[in-house]
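Below sits a lone chain in structure tokens, taken as the form predicted on its own.
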Amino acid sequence: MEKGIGSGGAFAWFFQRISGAFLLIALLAHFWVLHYASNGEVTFQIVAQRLATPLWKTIDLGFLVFAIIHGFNGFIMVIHDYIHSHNLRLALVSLVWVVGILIGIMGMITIIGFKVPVGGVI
């Protein structure tokens, strides 16, 4: 099965590059914040206080969504390239979608529901 521009293949290819660039920038920002902005000290308390703010929830949700889409889109591209049986390809792509959605939901629940208790002590 040949994938052309009309089949969405070009969009998936292009989005893979865009999401990869976003992930590289987000990873560098994440590394800088954890290792330089906090003087190299990474404790659960510091991370919990940062993750409890709306700004960092938004940043981490974006990081999560792009990482899942980028990674699982890559899996799907490999499946389309190397699996020639239509039924097996359908089963594997379906499995990738289910696993990706489940991981996304679990990650979102964790990030959105993260709160620092009153008094800031964990």
Partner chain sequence: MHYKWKTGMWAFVFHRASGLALSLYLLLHINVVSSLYNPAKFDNTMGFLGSPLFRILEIGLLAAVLYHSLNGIRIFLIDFTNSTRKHSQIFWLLAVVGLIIFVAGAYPMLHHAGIL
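Numbering follows the first chain given and starts at 1. Only a predicted model underlies this, so the values are computations on that prediction, with no experimental measurement involved.
Omitted from view is the form predicted together with the partner chain, to which the following refers.
- prompt: Hey, in the predicted bound form, does M77 get a heavy atom within 4.5 angstroms of the partner chain?
  reply: Result yes; M77 sits at the interface with the partner chain in the predicted bound form.
message: How about L92 - does it come within 4.5 Å of the partner chain in the predicted bound form, if we only consider non-hydrogen atoms?
response: Taking the distances in the predicted bound form, the answer for L92 is no, it never comes within 4.5 Å of the partner chain.
query: So, in the predicted bound form, is I103 in contact with the partner chain at a 4.5 angstroms heavy atom limit?
result: Yes.
- prompt: Using 4.5 Å between non-hydrogen atoms, is Y82 touching the partner chain in the predicted bound form?
  reply: Although the partner chain is absent here, Y82 would touch it in the predicted bound form, with heavy atoms inside 4.5 Å.
Proximity to the partner chain in the predicted bound form, single hit among V42, L55, L88, A37 (heavy atom within 4.5 Å): In short, V42.
- request: Scan L61, I68, A26, V33 and let me know which has any heavy atom within 4.5 Å of the partner chain in the predicted bound form.
  value: When the partner chain is considered in the predicted bound form, the option within 4.5 Å is I68.
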